[in-house]
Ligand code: C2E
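Below, in structure tokens: the form predicted alone, a single chain.
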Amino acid sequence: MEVRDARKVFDPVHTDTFKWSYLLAPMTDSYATCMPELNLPSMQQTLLEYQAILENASVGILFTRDRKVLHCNPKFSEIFGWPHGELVGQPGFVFYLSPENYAEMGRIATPILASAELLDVEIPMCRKDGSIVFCHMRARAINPNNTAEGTIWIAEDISDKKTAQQALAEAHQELELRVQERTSELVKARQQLEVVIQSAPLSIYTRGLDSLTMSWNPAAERMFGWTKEEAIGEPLRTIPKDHESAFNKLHQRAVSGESIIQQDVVLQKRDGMLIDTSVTIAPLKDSEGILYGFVNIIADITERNAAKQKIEFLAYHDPLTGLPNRLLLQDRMQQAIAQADRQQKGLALMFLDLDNFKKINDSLGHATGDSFLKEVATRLKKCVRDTDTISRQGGDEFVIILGDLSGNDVTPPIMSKIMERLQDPFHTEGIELSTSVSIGVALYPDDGSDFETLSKKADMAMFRAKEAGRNTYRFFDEEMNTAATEHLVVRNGLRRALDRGEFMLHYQPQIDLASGTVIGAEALIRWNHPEFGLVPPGRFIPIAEDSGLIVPIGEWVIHEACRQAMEWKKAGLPELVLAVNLSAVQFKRSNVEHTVIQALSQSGLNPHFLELELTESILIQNVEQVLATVKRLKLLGLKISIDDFGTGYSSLSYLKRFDIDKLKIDQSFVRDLATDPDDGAIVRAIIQMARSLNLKTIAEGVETPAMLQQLSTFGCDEAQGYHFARPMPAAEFVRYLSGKDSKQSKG
């Protein structure tokens, strides 16, 4: 064997698969014979060193021949999980996952090893326990000229490396996936953003630091009138010249990095029309944070501002006339008071109420009424100064604040002017109308120091003007305040009086003048107030009518009168006709017929002994309805009389149509009967007219024998008054009747 060959055989890379004791003996003998000049002891020492190196190598080393294991170092056994020494003689396929893997390795390795090339592969292999180990395998034939001599394999466990590589690959793949997803999201977001910008109702555009437009959405085209092609690359043309300064300030704030949020700015369209806008400006910065432009988002708030102004106007103004309402009036009053204090002057608060406006509304309709009120507002403006305030409170009520007054004498001329101006004919829809006004005045600081006090007192004065016959004015005085306070106390007391049983009836006898006997009585209500004592009807009946409380009070009177009449009958007293007054308000608002039927039914009183006294004002309103009601009442058997005849709308026409039984001559004619010829003539005429219509007459307020004598001379049928007896409680009335009967029996 050639030395070259011997050196090759004992090359450390190739010889570690042989047992060194097995190789050493024959080689020593052979070399001793062939090459006596070699130092065999030295060579043996070298082989022992190689053996030590390979046995302790950090890589696995394996020698195979005929595809069987000849030898391996401990590291190789460790890598594949075999006890050291057990791999010798094992077939090569024990290291592979399957026969197919083994065969595939053979197809790859055989031509490489046969050509004396280095096999270098990374491959998953099988440990003894069946688990997988990733190995970096390198192999080469021991003798390239004779592959049958065997193969040397060097194995390195790269499982950790493979795991790290796999983790790295997975991380890289995950990163790429995320990048792709993020890129996709960004593309999608950009597409969505583009759709939003293109579809947005807001004007959105960008511009550079040079103020040239970089983008321009369709809403901007619609809002301002310039197309995208006309706007991009051009400076902004939406800023009115007189608003450039305000917009430039916003621009400078944006240049400094500030975001401008919803600032109200006036801009202009292409045609020059100005619009109110809400502008948002945000800086545009690149990835390095360097400012390169701005994005502008603009909303047209012209309509919103107009609606807001309208809402604010309606909140403080009357929608019909455009005059200040009560809220604005209060504010104006506070300002007027403050100014009056500074200037040491006075002011007047005037309450105006149109007379009989309801008739215009009811007869001509609300449209005509509204037109009428607008014209009233126009005329009032011409009667006062621009510095004065006119307010409509609702309905037909107006309030005027007159400021800068040096004395009370300046107000009457103004009020006279207002009354004269409003009396001039109004022309609306071909109709001529006229009206008058009642005015109440309260003065600052004499009548009060605040709006509420002055308002209340001016209102009182206005009602006093109404009571004085309308079409006039009245100033407030303390007497009004006292009357108003009493009015409120009485009104509040009336609400509780029925529930507390504070009402009672007094009865005034009615005398037949021919026989002198008591034929009936008038039931008159009295209020026994727990604090004020007995309250006369004149103090509370008008208030009850004004508040509507007269309806339940009147129902109580009818029930109580019927009950008392039956109680007297059961006590053996002669049957008398009880007369009960009906208020016009009661007749209009309540179901009088139902109340009467219920009272008669509950008491058991014969309807023939109940007489209802109606005023003339009842008969002339809703004539047909009243006529039908009166006829139904008459069918029940009741008597109907006309109270206070001669003081109202006396007319033979309704006397003919209504089935009236009696006329009651008002005491205003009876009081001066003996001394006033005119009253005498009136009374005589009433009696003669009644007799011609087959009606009875009764005179009230008879206080003297002279009055009684005169009435008898005229032929009056009945009478009542202080001459006979005052109104008295039920028990006293019984005693009166008993005494009357006693006198008549003695006579």
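Numbering starts at 1 and runs along the sequence shown. Just so you know, these numbers come straight off a predicted model, no measurement behind them.
Although it is not shown, the form predicted in complex with the ligand is what the next lines describe.
- Between 494-502, 632-640, 515-523, 362-370, the stretch whose residues reach within 4.5 angstroms of the ligand in the model of the complex through a non-hydrogen atom is 515-523.
- This chain lacks the partner; the member of Thr389, Asn73, Asn581, Thr277 within 4.5 angstroms of the ligand in the model of the complex by a non-hydrogen atom is Asn581.
- This chain is displayed alone, yet in the model of the complex one of Gln508, Thr321, Thr238, Thr151 has a heavy atom within 4.5 Å of the ligand; that residue is Gln508.
- Using a 4.5 Å cutoff between non-hydrogen atoms, Gly721 counts as a contact of the ligand in the model of the complex.
- In the model of the complex, the ligand sits within 4.5 Å of a heavy atom of Asp644.
- Within this chain, Val702 lines the site of the ligand in the model of the complex, having a heavy atom no more than 4.5 Å away.
- Contact check for Asn528: no non-hydrogen atom falls within 4.5 Å of the ligand in the model of the complex.
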